[in-house]
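Here's a solo chain for you in structure tokens, the form predicted alone.
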Amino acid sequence: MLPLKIVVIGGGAAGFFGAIATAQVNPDAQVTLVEASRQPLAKVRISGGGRCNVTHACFEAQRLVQNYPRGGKALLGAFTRFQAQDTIAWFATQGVKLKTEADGRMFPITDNSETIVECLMNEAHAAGVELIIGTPVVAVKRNTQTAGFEIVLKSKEILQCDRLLLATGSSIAGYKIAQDLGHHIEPPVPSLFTFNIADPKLRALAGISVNPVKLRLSINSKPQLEQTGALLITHWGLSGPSVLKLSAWGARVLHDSRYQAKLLINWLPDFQLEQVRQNILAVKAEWGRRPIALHRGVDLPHRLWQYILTRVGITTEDRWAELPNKMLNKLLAELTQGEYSISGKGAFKEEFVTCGGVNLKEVNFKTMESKLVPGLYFAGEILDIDGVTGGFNFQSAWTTAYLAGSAMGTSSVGASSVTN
């Protein structure tokens, strides 16, 4: 019997993990990985500021899926088969230990992404995976005679295979291959980005962070999205975990509004409005003759407090005793629901994540096999799955790749594991 021929297109985290899983479950299979660029695992190298945020210390499937604006429902079953604990155990078996930071993010103890790159490269080599690097795929065709696939490379070479894994990330080339084979693509739009705020006085506060704040996004008549967490003021506007998470959940509505929206900020989410009022009144009573700008009744950075005062028209000379109730109410409103205009989006370092991809209803999440094309599998960001920042996007890549690789290696030629 001829050995199973499997081709993986895409040399990122999902592609390598899928190829390794296939070769390990079926050592007799001929596994070939094709990568268009000359440097595989490029995104792994630069992720996490060069440290590689491998996964997140969240070990319950129900909790884990809550970190995926798109794809959580589909991933629920997948995470019962391979989740963060399995990722940790897999890397530990290869001699790579991970550490957990205070916020739950997990990195190699070396704090160097090259540790993960070398691990994946070494394991692929040890498992007998053939690497074809720096060679783009021109086209993929269904071979009607063998029920397999023909992969046409830019080098004019044609690869034949029984099983095909598409792990091309959020690339136009990958989407086109999936479309040509009959799949529908949810339009790709950016996710995980910062907010541009066209306010020079706010930008002058770059470097100030507040934790926590509560953000509320308001776009036309769309339901308002909320997020609570740390916020960082930057020289272009706003960033930090709360902004990035809000951008992920609001990726489509923000794209549709051309990144023009209203952002409401509650700088003191741990307090009820009346509590804030009483704190302010206590300061007013005790420091009546003192400048408002120098004696604040809330726990906020001094420069931010002064900026908020200017937004409601309070000057550096104004004293607490002279503050009328009308102005006090304006100050309370600014502290708990200050309105800012989003005028565009920024980038989030190198952590580029895209919302969109292969329609999830067309994929069997037990095996990651296409429901439309027997023998075709998907893993990673080519799917309409994206997570918030913190290692969740890598985890969905490991999970889908492992399931795809395991299924490809164990299914026999001519058989199909397609289920509805």
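A residue's number is simply how far along the shown sequence it sits, counting from 1. Everything numeric in this text was worked out from a predicted model, so none of it was measured.
From this point on, the text means the form predicted in complex with a small molecule, which you will not see here.
Novice: Is it the case that K43, N53 and A173 all touch the small molecule in the model of the complex, with a non-hydrogen atom of each within 4.5 angstroms?
Specialist: Checked in the model of the complex: all three residues contact the small molecule.
Novice: Select, from the options 386-394, 23-31, 360-368, 57-65, the stretch whose residues sit within 4.5 angstroms of the small molecule in the model of the complex by heavy atom distance.
Specialist: Every other range fails; the passing one is 386-394.
Novice: To verify the annotation, which of these, N279, T135, T146, Q160, has a non-hydrogen atom within 4.5 Å of the small molecule in the model of the complex?
Specialist: In short, T135.
Novice: Check A167 for me: does it contact the small molecule in the model of the complex (non-hydrogen atoms, 4.5 angstroms)?
Specialist: Yes, contact at 4.5 Å.
Novice: Find out whether any non-hydrogen atom of A19 is located within 4.5 angstroms of the small molecule in the model of the complex, and reply yes or no.
Specialist: Output for A19 is no: heavy atoms all beyond 4.5 Å of the small molecule.
Novice: Is it the case that G48, even though its partner is missing from this view, gets within 4.5 Å of the small molecule in the model of the complex, heavy atoms only?
Specialist: Taking the distances in the model of the complex, the answer for G48 is yes, it comes within 4.5 Å of the small molecule.
Novice: Residue-level question: is G15 within 4.5 Å of the small molecule in the model of the complex, judged on heavy atoms?
Specialist: Within the cut-off, so yes.
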